[in-house]
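Given next, in structure tokens, is a single chain: the form predicted alone.
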């Protein structure tokens, strides 16, 4: 299993927005791109998804930019990844109503348990966790 560049960039961008939001500082796409080494054009596309998912909101004006829509402790990695990737797909038949054997399929059982474990981890990693772990290593 691999986390895509899209998901990685979204996590980094959200961390940067969270860090700045906690200090009451708006941050724009150019600043995020520079601080996290993300291509600006690509980041602009990701921000649209994050905004649509209700994770960030934009502030207009000369000192405008982006801020979190909720507290950093209320936004988890699962939400961020799903905002840019959609729901996680671990197998072509998992959860499919078309499969008559899904209730007795060993592969389905393994993938369902894996999905529950991944969800548990991602739901418990919040932006606040990232701030607490990494912010003291960086200055704004």
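In this text, the rigid core denotes the largest set of C-alpha atoms whose superposition between the two forms falls within 1.5 Å. In this text, all values refer to a predicted model and were calculated from it rather than measured experimentally. Positions refer to the first chain, counted from 1.
Separately, the form predicted together with the DNA exists; it is not shown, and the next lines address it.
Residue contact with the DNA in the model of the complex: residue 136 places no heavy atom within 4.5 Å of it. In the model of the complex, the DNA lies farther than 4.5 Å from every heavy atom of residue 115.
In the model of the complex, the DNA lies within 4.5 Å of some heavy atom of residue 63. Within 4.5 Å of some heavy atom of the DNA in the model of the complex lies at least one heavy atom of residue 51. Contact annotation: of the candidates 67, 29, 110, 88, the single residue with a non-hydrogen atom within 4.5 angstroms of the DNA in the model of the complex is 29. Looking at the DNA in the model of the complex, residues 5, 41 and 58 each place a heavy atom within 4.5 Å of it.
If you fit the rigid core between this form and the one not shown, you'll see the Cα of residue 61 move by 2 angstroms or more.
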